[in-house]
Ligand SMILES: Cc1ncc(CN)c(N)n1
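In the form predicted on its own, a lone chain appears below as structure tokens.
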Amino acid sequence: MFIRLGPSSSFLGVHGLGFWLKATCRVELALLYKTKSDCKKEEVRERMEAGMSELWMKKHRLLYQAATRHPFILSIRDATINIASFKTWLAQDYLFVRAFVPFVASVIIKAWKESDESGDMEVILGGMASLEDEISWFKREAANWGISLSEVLPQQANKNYCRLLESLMNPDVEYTVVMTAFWAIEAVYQESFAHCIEEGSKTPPELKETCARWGNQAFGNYCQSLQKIADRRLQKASDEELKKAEVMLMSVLEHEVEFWNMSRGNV
């Protein structure tokens, strides 16, 4: 730290100068402490106003866009998709959803044990109830496209993602971290497929039902409910929990990108 001595410092004497230096250091340290305190208050204020999820999406904007505006999604939107890639995605996502069921069941248990709001369980149960219909839909679509699901084996990106789900089922993983991951997984699909049914899209007619399944407003509202739960928990979370949740969000986004890559054959 550099201290600039004023013109009158020569009149302070040795003891006076020493006292002045100590006083100056104390003032500067106090200002430094105040600055850190103010930064912490500002962080808490932003967390309460915008929601930590929104702040993280801005912070990791490039990664979030890579997951929600992936070339696989854009190829559906502009009608240039290779149908073989779509079939790969359909078969692999069927396997993923089957692994997703026990994960959601574990989230319900965590909500029962750790949630500070009784409404959380109702929101999560709503998503759980839709999974049976989702699995039936995958089976129908696979039949329509001539895919034998019993012969499909999970590819490496799928295996890696399912391992992440399994790790989140560990009882030691905090409910806050799990809800952050749960929201992110659902939100990526909602925003990705909603992009394919927006005005101006050229999505092929035979793929519009698929896109509407996750891109519809009702599913969007569900994702917003999950986001509110995650933000409420993050608002009260410790610094350690926040770090874990942010790392988990980034991990989910990275796995989503790899899953899209796998579907296009880019692995």
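The first residue of the sequence shown is number 1, and the count goes up from there. Every value quoted in this text rests on a predicted model; they were computed, and no experiment measured them.
Keep in mind that the form predicted together with this ligand is missing from the display, and what follows is about it.
Residue in contact with this ligand in the model of the complex (any heavy atom within 4.5 Å), chosen from A91, V177, I185, I81: I185.
Shown without its partner, this chain lists A143, A129, V97, A105 as candidates; in the model of the complex, only V97 has a non-hydrogen atom within 4.5 angstroms of this ligand. The stretch among 110-118, 147-155, 70-78, 97-105 whose residues place heavy atoms within 4.5 Å of this ligand in the model of the complex is 97-105. Although the partner is absent from this view, E191 stays clear of this ligand in the model of the complex, with no non-hydrogen atom inside 4.5 angstroms.
In the model of the complex, F86 stays away from this ligand, with no heavy atom inside 4.5 Å. Using a 4.5 Å cut-off on any heavy atom, the one residue of 155-171 that reaches this ligand in the model of the complex is Y161.
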